[in-house]
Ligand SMILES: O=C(O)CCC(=O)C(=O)O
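Encoded as structure tokens, the following chain is the form predicted on its own, with no partner shown.
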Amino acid sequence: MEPKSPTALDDFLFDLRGYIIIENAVDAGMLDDLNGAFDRFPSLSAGEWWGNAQRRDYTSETGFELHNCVEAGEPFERMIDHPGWIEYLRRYCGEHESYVQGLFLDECIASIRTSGGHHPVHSGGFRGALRGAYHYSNGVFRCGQCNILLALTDIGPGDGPTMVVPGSHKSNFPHPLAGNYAMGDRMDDLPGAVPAYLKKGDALLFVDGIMHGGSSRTNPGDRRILIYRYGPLWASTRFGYEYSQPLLDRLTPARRLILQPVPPARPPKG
């Protein structure tokens, strides 16, 4: 597919709200390949490794979350620099027009959430970490981290959609009612939060500094998403995951550059 690029309206809405929805970010064939890969996941206990990927659920109620999923099959490798969103990430968090221009894939997670699951609200501009901070200055974006949440199933009412608090990436005040939510309460009725409904193949792009979380899934079946978090090339993975040499060796140069933008500097052998 032809690469999608941010429009002037995308820039306006991303700056204003902290998120945008990219419709039809991936095609039906890609969705089939990804869902087929999900179907082949083994049954893993929390903390268990599968090759160089690990089940690492954020909480006991967030569902099955396979971290470092780029190691879980070829379809996930294609997502590294997918044309449905990669130009957006280069613009928003790739240190565009700087001496460290480029991207790094911070986290990649395959998530399956069943009925009853949710994720409490977190982040926000007030005293937020620099890692996820939003900046725009001198005509360029300088975001610490931007997230792609790709829907592999339709996500509508009752499906546990991600919720965001628009504009909260710039907030100078704490949300007065969010304290308990951050400690595990469900954010379904958090004032100011709105659900991001997605058709399968749509991608939600948001700066990590926006207040966000997952509403309760009440429908039967499961919600399948991919989460790819991008940051500037000088970053490092949040939980210390490393990419295996076989994966790095088989990637295209462009994809390898995103996973390993700064190769390790070692003295010559011998």
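Note that residue numbering begins at 1 and tracks the sequence as displayed. A quick note: this is a predicted structure, and the numbers were derived from the prediction, not measured.
Keep in mind that the form predicted together with the named molecule is not shown, yet the notes after this line are about it.
K.L.:
T162 versus the named molecule, in the predicted bound form: is there a non-hydrogen atom within 4.5 Å?
P.N.:
T162 belongs to the contact set for the named molecule.
K.L.:
When the contact criterion is heavy atoms within 4.5 Å, does H122 count as touching the named molecule in the predicted bound form?
P.N.:
Yes, H122 is a contact residue.
K.L.:
Under a 4.5 Å heavy atom criterion, is W49 part of the interface with the named molecule in the predicted bound form?
P.N.:
W49 lies outside the contact set for the named molecule.
K.L.:
Is W234 near the named molecule? Define near as a heavy atom within 4.5 Å, in the predicted bound form.
P.N.:
Outside the cut-off, so no.
K.L.:
Using a 4.5 Å heavy atom cut-off, which stretch among 24-32, 206-214, 39-47, 239-247 contacts the named molecule in the predicted bound form?
P.N.:
Correct option: 206-214.
K.L.:
Heavy atom within 4.5 Å of the named molecule in the predicted bound form: which of C143, L149, A110, A193?
P.N.:
Of C143, L149, A110, A193, the residue with a heavy atom within 4.5 Å of the named molecule in the predicted bound form is L149.
K.L.:
Which of the residues spanning 229-250 lie within 4.5 Å of the named molecule in the predicted bound form, based on heavy atoms?
P.N.:
Heavy-atom contacts to the named molecule in the predicted bound form: only R229.
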